[in-house]
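In what follows, one protein chain appears twice in different forms, each by itself as structure tokens: structure 1 and structure 2.
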Structure 1
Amino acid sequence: MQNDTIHLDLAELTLEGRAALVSCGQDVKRGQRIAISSSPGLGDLHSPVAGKVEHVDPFRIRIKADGEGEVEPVELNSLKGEGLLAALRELGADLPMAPSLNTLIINGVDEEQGIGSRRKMLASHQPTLERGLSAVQAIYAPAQTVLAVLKDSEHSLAGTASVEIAAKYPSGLDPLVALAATGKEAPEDALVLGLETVFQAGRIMETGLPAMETVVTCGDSQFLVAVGTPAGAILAKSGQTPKDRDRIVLGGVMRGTAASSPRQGVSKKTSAVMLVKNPTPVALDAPCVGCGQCVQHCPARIDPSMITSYAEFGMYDKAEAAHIDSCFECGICGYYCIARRPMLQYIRLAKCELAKAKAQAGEEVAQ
């Protein structure tokens, strides 16, 4: 593990819907809260470096590292339940609310092939994971905790039962892991947490400082990096150089986000930084040709062709009626689409619009 070998001159933090608390030119300490989250399942954001805020826009905060100082550690050992949850979220752990929980599932399977970050955490950070595990168990008080691991892997965590997951995409995605662990599709009394979230909770518990690190895979190796480390720096570390028209992908190739610049930083949930060099087709604004490949391959058994066509024409209510909520965004429809439609993008657009409409309707009812 090459720790702190990537020197951070400049950190770029992606807000992902959080509200920035700092403005340009402001000095920040290491660990200072710079953005606050209002959505469940998303913790607050903290500066991984001490320095000066260089740039703030609705999507990102850029901080130049040229300062000194670090925030004081927080005492967490006395907290339990909701108090601990609130404290950890404030310190940046992406922990959702969950009222009554039967099964807590820790997803230790890397979502896609070619990513080894969670495996690496299981192999090299057992004490941190155990610390994080006891923290999340203290929060959610589940009747049982299950660790999902790759089939034939040796890893385990004290205090958890293990369930083996086949090494075949998309088996490692949260909803399918929940199915494997509980035998039920979309179980109501179960919660799936990614291993990196447990790792970050463990880090917070150990240090009393906010979550500012994650493990990312780049090339064949894994790096423990600060959140906000530019993707380009990680690529350079692993000996890869992006060229014009390449894609830098934050996350796996099936689901990840294409970075807009090599400066874009990794987030707490970024599992990998990939350089896609092949001339893989960029999605086209093409109509559905009705070949049916997406329907045949969809692991959620929905009809992506109809749903994306509804989304294309703004008929989001029909997309909802066609069970868009069952989709867990594996991206397989787009992989097989012979018309190269941006399938996943249409689905995410429709989901986003539906959520917005619901939030608005909720506000109207509240008035």
Structure 2
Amino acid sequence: MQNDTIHLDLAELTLEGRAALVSCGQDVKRGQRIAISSSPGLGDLHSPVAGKVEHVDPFRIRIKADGEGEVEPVELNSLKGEGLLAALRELGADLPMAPSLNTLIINGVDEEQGIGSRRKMLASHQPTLERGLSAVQAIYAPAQTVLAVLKDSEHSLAGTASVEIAAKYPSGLDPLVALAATGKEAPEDALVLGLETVFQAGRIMETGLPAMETVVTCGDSQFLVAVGTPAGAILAKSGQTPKDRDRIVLGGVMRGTAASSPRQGVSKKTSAVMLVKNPTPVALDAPCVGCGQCVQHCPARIDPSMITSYAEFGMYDKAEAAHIDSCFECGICGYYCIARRPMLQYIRLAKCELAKAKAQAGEEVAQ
């Protein structure tokens, strides 16, 4: 794995539902907490550079790297259980609450073809992963820990059993990995953690500093980069230059999102930065033609055509009744849609609006 040699003049960090703790013009140290999370499974956000906050809005924080100083390391070795979980979440690890856990599943399979970040972590960062694994085992105290790897893989982690996953999309997505590991769909006593989350925990335990790095695939290489590194800088490091009408995708081509500009920074969840050359329209403002292709190919066995139609017209309660929560956002429905409808985008929109409605209802009850 190539190490981070990308100099950061400007870091742009996506809030992803977190609340900003800083304001424009404020000086920050490297490692300072700049946003707090109230979402389960989402850690707090920290500045990867020392500098001055240049921009804050509900979606992002931009920091110009022109300062000095770093936060003091934190001692975590004496913590365990809920105390360790709270500390790691505050330091940026994306760890959820999971009571009554029987099986801890570490997903070491890259979610899409063309991404090799998890494979490279297994090959190049074994000590960090094992330190992180010890930490998450101390938190969740599972009866068994399973590592999911590609079929015929030589990689393993001490203290885990292995389950082999076929190299066929979408077999590497968390719900299908859980099914392969436990024989059950959506097991209530199992938790799936992506390998990058174990890596985050390991880096925090090793350094005592917040999680400020992520492993990103770009082209044929994997880079260890600071969170907030502009996508354009990572593309340049891999020898790629976007041109007019090209699209920069954060993540894989099936489940990723288009970057608003080459300046947009990668998040802790960004597994890849991909450059799609002069793409044809990937989605059109077209009605469903009722071909049924999305229903036939949906691995969750729901009706994407009906759910996305509900979402299109703001009928989110009906989308929920049609089991939108069972969708694990593989993007296959959009791939097979002959009308080229934005299927995955409609689903994500409906999920977001439903989450907002539930949060608002909770606030009203609390009042």
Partner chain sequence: MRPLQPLALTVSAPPHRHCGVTVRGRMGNILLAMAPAVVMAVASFGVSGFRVMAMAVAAAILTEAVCDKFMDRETQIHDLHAAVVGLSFAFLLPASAPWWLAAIGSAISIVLGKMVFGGLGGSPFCAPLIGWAVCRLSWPLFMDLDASMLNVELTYPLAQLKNFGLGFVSVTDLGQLFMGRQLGGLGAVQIAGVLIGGLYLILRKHISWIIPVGVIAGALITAALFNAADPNVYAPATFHVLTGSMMFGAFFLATDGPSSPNRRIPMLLFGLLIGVMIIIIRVYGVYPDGTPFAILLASLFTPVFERIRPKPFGVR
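Throughout, rigid core stands for the largest set of C-alpha atoms superposing within 1.5 Å between the two forms. Note that this is a predicted model, so its numbers are computed, not measured. Every residue number counts along structure 1's sequence, beginning with 1.
Just one of these is the form predicted in complex with the partner chain; is it 1 or 2? Structure 1, which is the form predicted in complex with the partner chain, differs in this respect from structure 2.
Examine residue 19 after superposing the rigid core and state whether its CA is displaced by 2 Å or more between the two structures. No, because once the rigid core is superposed, the C-alpha of residue 19 moves less than 2 Å between the two structures.
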